[in-house]
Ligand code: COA
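Given next, in structure tokens, is a single chain: the form predicted alone.
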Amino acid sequence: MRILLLTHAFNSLTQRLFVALQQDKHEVTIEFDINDETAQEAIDLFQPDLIVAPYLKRAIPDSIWQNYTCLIVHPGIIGDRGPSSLDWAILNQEKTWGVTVLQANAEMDAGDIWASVEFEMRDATKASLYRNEVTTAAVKAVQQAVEKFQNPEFKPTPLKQKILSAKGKLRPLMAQNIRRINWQKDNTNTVLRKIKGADGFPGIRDNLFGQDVFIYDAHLAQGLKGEAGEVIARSGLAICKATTDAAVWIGHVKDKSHHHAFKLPATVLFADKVQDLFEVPEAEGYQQIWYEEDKDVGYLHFPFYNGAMSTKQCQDLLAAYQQATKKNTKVIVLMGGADFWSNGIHLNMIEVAKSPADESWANINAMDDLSEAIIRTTSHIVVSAMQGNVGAGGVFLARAADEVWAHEHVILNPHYKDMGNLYGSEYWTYLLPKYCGEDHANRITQARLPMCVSEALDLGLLDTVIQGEKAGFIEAVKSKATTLAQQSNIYDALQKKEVQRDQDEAEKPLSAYREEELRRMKKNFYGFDPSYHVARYNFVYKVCKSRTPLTLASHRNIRMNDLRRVG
């Protein structure tokens, strides 16, 4: 079938759906919902059999849903209606929730029901639930709906037939007056639940150091307490605010009145106000990196917020990795975080720097230092274990390891070009030909499209796909890593690795690859073409797209090809 994805943005759910429907052998194209005219033009060009809207911020125009079957992906259970579905589910401590696929009609979220998939709620942020449970349920529900659409005898169920028995109901937009934290009354669990229910977007409006801000990325501050509502400590990137019965770490903040009105680490935004605060070591406070050891295997965790890795975070992770290589273990597993393994350089920190070009240069060099350390490790077998999505330089950083394992639902975006034609580094010009071959290396870096694990496996970006529920991923990794460490030929494998590294170095030293890559990147950062700086600004400030990239809108490529043939 020909399926048009009409979406506000190419977010994580849309990417998973795009990949899954293509795997199901459908012809899929994407159009950003910019305005009525653009959407209609996409329909005229593509002539879709079905329109699926995985992520919209406005209603589909009457002229479209009245003439085409349009399926809306709603992140709520049957009967649930309104724009803050997941937010209410978290605030109300729902035990289960779901995704419903319904047909667009004149009333928002009230169309006929095509499919619904429920899941157990997890104690997590809204953003994490959306990327994982909601996305997985949405893919299943849409696949069910698409299958039903192909059956001419199927009739969707009108909502009115379900409304009396349905648990869901119409709820209003969750405004800030509902989300507001009362620091003098709310206990720690309530505070955390409110912040988690708004994490990602829109955040919770609060006051820090006399400034009205939006707060995100909250965690329990073990063992700390103070006067409710007061900022009492700092740790790494976070500040600590006391509640009625304990305290919470606040990792990220956005000040819309600030000239840098995007999310930043709390201690960066308030750098001039936190110096006199009591400092808690990161190992005891806001912990971004930690190491654990079990049965000859060391596990290095680094759940950086949104997967972005600043210069300092890369340097800290390198130091932790170097310590891990000194341990009397045989395997090191790079775990990343639950939602992201890595998304490469930290664009927000680059944007806020006095010289974004200089900070870009420092950040990519810190990434290269880390990648080089992994490549040069001959004392251990190194594994990258992706439980969350991975993008840009993070993909190639992961490939620096000897083996790359990924959960079956991971999406990879192994390209830089959409960020103003960045050339990229992390030794990809060495790693991709080595593990993937020259032809695959060109395909990987030029495609500009998200990739499922089966495709990544075929191309050589991955070595193993781990099936099953996401909750069992870490145990599965530990089992595989332990088996790897205890194999009888482990020392032969390490010796072979050392010999191969020496051969590769003799053929062409790593320094040569790095020099060539950075020469190209220096032009991105300091050259006459401002494309990278413009693209970074638009990404950081979330500037809405004025058109759909042709890499996504294949229907527009069709028109261009037709025009070329006519010419």
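Quantities reported herein were computed from a predicted structural model and do not represent experimental measurements. Residue numbers here begin at 1 and follow the sequence given.
Below, we turn to the form predicted together with coenzyme A, even though it does not appear here.
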query: All of 325, 375 and 379 with a heavy atom within 4.5 Å of coenzyme A in the predicted bound form; finding: no
query: Interface residue in the predicted bound form among 114, 299, 430, 340, criterion: non-hydrogen atom within 4.5 angstroms of coenzyme A; finding: 340
query: Heavy atom within 4.5 Å of coenzyme A in the predicted bound form - the one residue of 444, 146, 370, 347 that qualifies; finding: 347
query: In the predicted bound form, residue 306 touching coenzyme A (heavy atom, 4.5 Å); finding: yes
query: Contact test in the predicted bound form: residue 551 vs coenzyme A, heavy atoms, 4.5 Å; finding: no
query: Coenzyme A contact at residue 11 in the predicted bound form, heavy atom, 4.5 Å; finding: yes
query: Residue contact check: residue 456 to coenzyme A in the predicted bound form, 4.5 Å heavy atom; finding: no
query: Residue stretch of 105-113, 244-252, 390-398, 330-338 approaching coenzyme A in the predicted bound form, non-hydrogen atom distance within 4.5 Å; finding: 390-398
query: Residues of 118-138 having any heavy atom within 4.5 Å of coenzyme A in the predicted bound form, listed in sequence order; finding: 131
